[in-house]
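The chain below stands alone and is given in structure tokens; this is the form predicted on its own.
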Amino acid sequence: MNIQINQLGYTPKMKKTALLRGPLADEMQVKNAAGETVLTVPVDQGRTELWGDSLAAVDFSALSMEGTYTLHCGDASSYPFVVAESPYQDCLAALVDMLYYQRCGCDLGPETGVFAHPACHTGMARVYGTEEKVEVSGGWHDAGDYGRYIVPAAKTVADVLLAWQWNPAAFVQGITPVLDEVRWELEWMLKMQRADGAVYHKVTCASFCGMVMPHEETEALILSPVSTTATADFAAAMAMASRFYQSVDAAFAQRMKEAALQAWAFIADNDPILFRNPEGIRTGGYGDGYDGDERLWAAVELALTCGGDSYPKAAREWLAVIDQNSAPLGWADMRGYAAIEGMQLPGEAGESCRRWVRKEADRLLERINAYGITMTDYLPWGSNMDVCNHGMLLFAAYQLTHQETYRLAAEKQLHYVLGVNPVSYCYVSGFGSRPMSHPHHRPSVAQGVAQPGMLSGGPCSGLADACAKERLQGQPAGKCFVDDHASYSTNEICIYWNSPLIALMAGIMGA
């Protein structure tokens, strides 16, 4: 496709920019559903070279009347798109509903179509290296596999709660109300805490299963050892969530607050306990070589939830030593959550976090390329998560400053994942004219159809699986994507890839 647009469309007031690829005509026409030309705009013949593409950006923001349109330039035409007040509402609902589809430990009924299944993973889990058994049913399957992991769970919860905070009106009810759905994950996370406050890192089988439905994975469940990264992330997520649920269910909010305090007490009394898969466990590790960012985030959230002296003091102490030259949004580096949430802190700590967010947003602005994203030379595994994370940070800076530059940059991240990209995919399954349709996701492979509302991981220039190595050799970074379930490094899905898109989309819908 040589004219790339956001395949879901635009609001009437939104800045609208198409990317033209290759030598095209001097003018671009906007045609309505009847084929009538409603707008003609000149094409600047200046070009930007990126990822093997010669690109021209054409602004058609003058199009503000609601309707369905296509763009035409020479012999090239775009996919159809809409201009509407709420072009992303259905997609946002599906992104949240994806979490329901990923539920573990309960029956999924006819509302999920071919993805309905009886309760899965309901047996007791054995604590690794012991004969102790613990009941840890519930939560969401993390990704294309059926593991459940605390570290990415905390990121997912934080993203969705931020989305709710930024724009609660965006969440028309899907299968379940959004706070009810997040509670499903929180209830599971609470089961993962030991009596001493420490939190088990994950619960999985020993190895990944085949491409089967969830209830067909019947191997024994194993609780991997505790870690301070999981425990600190747990403390942060529980402290944060307790504020959101205080007016909904005060008893549940108090339960989460007490769990957060127990987790904090454990990490305060213990040196780093960093996780690596123990012998015989070959599922996702989510290992991390440093837990200072998780401790900072936990201190910030507890300071906001509990006040007093000790938690604000801990937050200030960590802010004094933590590297503020970047503000990633996890899962391995949680500094961005500490920075965004820390903007609410009183005094110099809050000022420090506000400077930090703006500094990071300015750094991202300097790196934006012709496709609108901040990564050019190398796109990592799960690059679409990074795109959405950057969009979240830019949106947070917009909220702080009300400077349009940040909002427009955040919108570019959304446009990229929904179609303005070098492979012309809408990276969300079930949406757009060319949706991602063959994810590395066990239920989708088992049923032969993509579960809807899932964000693909997107291009991975490292070519980290055999399918990618076979089919993508020599491709530039932005084109290292293949819509094939065998390419887990470019086309897997994850709850914590959906969640920053939920936050980005909700924020932009309310801006």
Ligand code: 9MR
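Just so it is clear, the structure is predicted and the values come from calculations on it, not from any experiment. In case it trips you up, residue 1 is the first one in the sequence shown, and so on.
As for the form predicted together with the ligand, it is not shown, yet the points below apply to it.
Relative to the ligand in the predicted complex, residues 356, 360 and 406 are all farther than 4.5 Å at every heavy atom. Mapping the unseen interface onto this chain, residue 293 falls outside it, with no heavy atom inside 4.5 Å of the ligand in the predicted complex. Contact annotation for residue 145: at least one heavy atom lies within 4.5 Å of the ligand in the predicted complex. At the 4.5 Å threshold, heavy atoms of residue 381 reach the ligand in the predicted complex. Taking non-hydrogen atoms only, residue 494 approaches the ligand to within 4.5 angstroms in the predicted complex. Exactly one of the stretches 281-289, 83-91, 217-225, 294-302 approaches the ligand in the predicted complex with heavy atoms within 4.5 Å, and it is 281-289. Of the residues given (149, 264, 140, 395), 149 alone sits with a heavy atom within 4.5 Å of the ligand in the predicted complex. Only one of 208, 164, 252, 79 lies close to the ligand in the predicted complex, with a heavy atom inside 4.5 Å, and it is 208.
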